[in-house]
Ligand SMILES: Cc1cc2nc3c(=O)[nH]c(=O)nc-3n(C[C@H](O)[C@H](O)[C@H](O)COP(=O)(O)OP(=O)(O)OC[C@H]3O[C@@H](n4cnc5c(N)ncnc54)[C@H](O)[C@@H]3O)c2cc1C
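What follows is a single chain, given as structure tokens, in the form predicted on its own.
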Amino acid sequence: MTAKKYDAVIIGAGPAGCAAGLKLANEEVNTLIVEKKKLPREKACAGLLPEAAIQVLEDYLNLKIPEKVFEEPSTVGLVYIPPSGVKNAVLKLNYKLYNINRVKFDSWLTSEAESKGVKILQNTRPEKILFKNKEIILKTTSGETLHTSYIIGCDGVKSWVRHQIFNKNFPHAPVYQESYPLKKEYNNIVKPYFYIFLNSQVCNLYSYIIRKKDKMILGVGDFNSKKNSKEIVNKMTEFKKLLTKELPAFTQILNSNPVRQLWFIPFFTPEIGLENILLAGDAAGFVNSFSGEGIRLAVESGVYAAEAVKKSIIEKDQALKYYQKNVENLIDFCNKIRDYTNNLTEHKRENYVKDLKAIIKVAL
């Protein structure tokens, strides 16, 4: 098969990869995205965006999320339940989260990228990276041989690209969700809030409830542990016991069979690449460890990686030099949040919620 030449090759068509592709397309850099699955594809995710993510899309990429991407309700409030229970639940005032369908969100981003001229090679995995003079050669499972000057790895928490350049394992933490059908008569039980339970007896950080149109999602994330996948499922059992004890009305919803999802988030000091191979999003370790949210950081780091590539082309210097400067604040943020979550005690959880002050009367 004939070798193909691109200025930059991006591995992964998620938010980081599409953001990088869109930014490079705007800079008239010939770009290819290599995606291991056929699009659109399922993506396990809680599907909540902070307002900062909306702002990043608008400010950096001039994109506005279309209505079709949002779930019902389109926005939810944020309620924290401390270790002492629902009687001390607190609503975070003047704060909202955007409730999205993650599959539709990713599909919209890939469509935007393609409309700007970014090519996406689907059903294809990278297989081998070779170096020849100043050129990077990428072999793929589909038989394609890609020649490029830059690679941006946006291939998730278990990044193939990251493993190629560092050849070691990085810590990641399991997140497990169960989705239950929500009948109309249960609407008053699950209200339009994102409920976070900060109870270490269930998980080292939190458990949560999300309302999405005709379903209710329960999730557990044991971010500050070395628990395996089987043990995180047991954490869900503990969460449901806590939930039905505190809120018996939920028992009737939990009688049905759920749809189950398991995924992982990074839990390591961000690693951003080597020379002209950059990492963005989960592949780099950019995540808010306290909330598990990574889409905003994925988009932002993807844009920064693209800007570094463009500047490298102009200045004829290594892209990592410019990328390092771009993401200093992101690295600092992720490290501080990870350290904070590592040092959370039950007392700190209780005080964190107490300090929010606004006691909610109607959400539970």
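Note that this is a predicted model, so its numbers are computed, not measured. We number the residues from 1 along the sequence you see.
Beyond the structure shown, there is the form predicted in complex with this ligand, which is absent from this document and is the topic of what follows.
- Judged by heavy atoms within 4.5 Å of this ligand in the model of the complex, the contact stretch among the candidates 33 to 41, 318 to 326, 334 to 342, 63 to 71 is 33 to 41.
- Site residues G21, H147 and A308 are none of them in contact with this ligand in the model of the complex, judged by any heavy atom within 4.5 Å.
- For the options Y180, W108, F264, Y186, the residue carrying a heavy atom within 4.5 angstroms of this ligand in the model of the complex is F264.
- For the candidate set V29, V56, L330, A46, a heavy atom within 4.5 Å of this ligand in the model of the complex is found for exactly one residue, namely A46.
- Residue contact check for R211: none of its heavy atoms lie within 4.5 Å of this ligand in the model of the complex.
- Within 4.5 Å of any heavy atom of this ligand in the model of the complex lies no heavy atom of K235.
- In the model of the complex, at least one heavy atom of C154 sits within 4.5 Å of this ligand.
- Although the partner is absent here, F290 is not a contact residue: none of its heavy atoms lies within 4.5 angstroms of this ligand in the model of the complex.
- In sequence order, I11, G12, A13, G14, P15, A16, G17 are the residues of 5 to 22 having a heavy atom within 4.5 Å of this ligand in the model of the complex; the partner itself is omitted from this view.
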